[in-house]
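Given as structure tokens, the chain that follows is alone and in the form predicted on its own.
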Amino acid sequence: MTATTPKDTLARLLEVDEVDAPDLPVSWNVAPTQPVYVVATSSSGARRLRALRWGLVPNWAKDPRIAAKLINARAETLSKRPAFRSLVARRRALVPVSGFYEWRGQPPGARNPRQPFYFRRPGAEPLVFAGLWDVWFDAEDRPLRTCTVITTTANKTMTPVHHRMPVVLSPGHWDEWLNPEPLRPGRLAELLVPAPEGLLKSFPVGLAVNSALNDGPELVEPHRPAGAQDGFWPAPAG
């Protein structure tokens, strides 16, 4: 993911009542276990912006290292998996990002690394993902607040690169998603759908993004690998 929108801008966009988060550094390569801005409803009913660690640690987990397996949550199984079942009822969240990466597999026999693609809006507006959050306490009763991003099947823009994509919520659904009450039966399936066509722009980027040690605006510059065949490398979408 990329996160380049200032905290105050996100607070205005998402109509936040309270901000309880430090100023996170701008990042063009946010990795799991790093903090991201998240908006959720507090116990008092206020819409609060916080910095949560990406990678869910359920409140019942024995080991926080489980987070590495829970950076994403499949929309189709939210109500079945123990890690997400209770959270989808009352701990839903918005995860605003500037864009995200996905990797396209290589043809059979290829030796080169998988090719990363960058997805964002055609303009500079953030994307708002559907997410879940939880709080876990260690042996000394110190809280660790974490989150996960919900994914669904890919739309036509995404399909040439990957079969899954994050759920992007429209502004008209933010209030409903943040309401800390269970959704009516069937509503999850109506909300957690692929993004509309035309919402995202995509293009291949350089392999530097494959390392979490690399960060900077050059990571999101379009890059067409030398010798790439048109039948395998799709033209930029959007």
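Fair warning: this is a prediction, and the values are worked out from it, not measured in the lab. Numbers follow the displayed sequence, beginning with 1.
Beyond what is shown, the protein has a form predicted together with the DNA; the following relates to that form.
Only one of W133, W136, F100, F84 lies close to the DNA in the predicted complex, with a heavy atom inside 4.5 Å, and it is F84. Residue contact check for L127: none of its heavy atoms lie within 4.5 Å of the DNA in the predicted complex. Although the partner is absent here, S170 is not a contact residue: none of its heavy atoms lies within 4.5 angstroms of the DNA in the predicted complex. Contact annotation: T159 falls outside 4.5 Å of the DNA in the predicted complex, judged by heavy atom distances.
Contact between P32 and the DNA in the predicted complex is found at the 4.5 Å heavy atom cutoff. Of the candidate stretches 75-83, 138-146, 119-127, 92-100, only 75-83 has residues whose heavy atoms lie within 4.5 Å of the DNA in the predicted complex. Taking the DNA as it sits in the predicted complex, the stretch 119-157 comes within 4.5 angstroms of it through a non-hydrogen atom at just one residue, T151.
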